[in-house]
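Okay, so here's just one chain, in structure tokens, the form predicted on its own.
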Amino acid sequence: MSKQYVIIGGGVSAVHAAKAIRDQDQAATILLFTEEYSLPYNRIKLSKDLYSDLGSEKVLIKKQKFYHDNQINVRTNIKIEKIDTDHQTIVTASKEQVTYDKLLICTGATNRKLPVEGVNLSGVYSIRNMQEANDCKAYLQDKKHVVVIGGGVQGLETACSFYKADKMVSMIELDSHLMSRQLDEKTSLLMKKKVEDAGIHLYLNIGINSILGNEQVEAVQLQDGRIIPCDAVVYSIGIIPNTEIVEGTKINTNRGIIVNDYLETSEKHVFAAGDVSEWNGKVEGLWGRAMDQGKIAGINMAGTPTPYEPTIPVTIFNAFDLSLFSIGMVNENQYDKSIACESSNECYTRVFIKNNKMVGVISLEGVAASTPYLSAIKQGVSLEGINLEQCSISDLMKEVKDRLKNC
């Protein structure tokens, strides 16, 4: 008798789980439930390509043909209200009961709400889904000045979208540097220059005290008392996993739904993956890792025990006339040695080394150049025997490429 796999959620982890299940089990029934009206789409594009046609197929993770060919039944605009692990059923908002042999929870996360007065005024947005993106664009159609709060990747990409739409943009970041999790001081300062050269007003190392206005946004007040007049506020300050669906069940949660190395929850036959899951005490919150977790969860659900191993974090950034990549561990306090190469302000690469292995890299070389660095980090290529004190990055990578051939 064929099995029925049920997936709750329409993000990248859900799609990759469904494909992994189908690859392992050709006869199974696969049901994917999403609360949104569209097929699963690439949420990254909501900030990066905010003013493109978000309704086009280019935004989708997979087109309709993929689901048809793989016999994956995607049911849109359906909210799941209850999970009954004792009877292995889920219940929809319309009280439909659906049984499962294996269940995967991929409900993702919600953007953390800005904890200040005025956050509920009209004109305050935190873009996480298609509806929020479209609502924000509609509101800003006749507006001139938007304040973006959060100087991470999403905040910067959103600011660039507004800039390209001819909006006046101010950006506020609590940290002293932009993209501080992905960049070193050198590249962060270059990012700052590029952003300011585009006419963005930057406020670093400071938070906001409140959002001002009667019914709609009129200004933002900084912690030092300064007032920034504006028409709208868009913020991105972290995520909160959507665990509400497991409230009242025996499924264990902490910050997210707790999973083991096989992405199983505390309840038999129930798995979790993506931004809602908490593995090894961490909620990953990364696109690439959500994709990988979905795939591994699907493989395990279909009966091939495979432990999850987190992939190397990779950030690709293209905005404000700046193209860069950041791979692996680039924390200034966690490496033994680094090698930097700089031939101009916009030709810079820095490699981070720990225990005689490459563990991270930041580079302005362009995305195409990232492959050998990523391979060296993934495969843990030993740098034993290389004179790292006198070695240039070009010489280092020549030797690394030779060693990769023998791996």
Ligand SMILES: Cc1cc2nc3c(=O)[nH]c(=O)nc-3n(C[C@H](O)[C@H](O)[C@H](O)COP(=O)(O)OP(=O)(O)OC[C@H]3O[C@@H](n4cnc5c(N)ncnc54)[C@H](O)[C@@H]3O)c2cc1C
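Numbering starts at 1 and follows the sequence shown. Nothing here was measured: the structure is a model prediction, and the numbers come from that model.
Just so it is clear, the following notes concern the form predicted in complex with this ligand, a form of the same protein that is not shown.
When this ligand is considered in the predicted bound form, residue 362 lies well away from it, no heavy atom lying within 4.5 Å. Although the partner is absent from this view, residue 167 stays clear of this ligand in the predicted bound form, with no non-hydrogen atom inside 4.5 angstroms. Though the partner is left out of this view, residue 326 does not reach within 4.5 Å of this ligand in the predicted bound form, counting heavy atoms only.
Interface residue remark: residue 149 is not counted as part of the site for this ligand in the predicted bound form, having no heavy atom within 4.5 Å. Put simply, of 177, 145, 128, 194 only one has a heavy atom within 4.5 Å of this ligand in the predicted bound form, and it is 128. The partner is absent here, but in the predicted bound form a heavy atom of 153, alone among 153, 114, 232, 183, sits within 4.5 Å of this ligand. Partner contact region in the predicted bound form: 39 to 47, out of 62 to 70, 346 to 354, 372 to 380, 39 to 47, criterion any non-hydrogen atom within 4.5 Å of this ligand. Contact residues in stretch 107 to 121 (any heavy atom within 4.5 Å of this ligand, taken in the predicted bound form) are 107, 108, 109.
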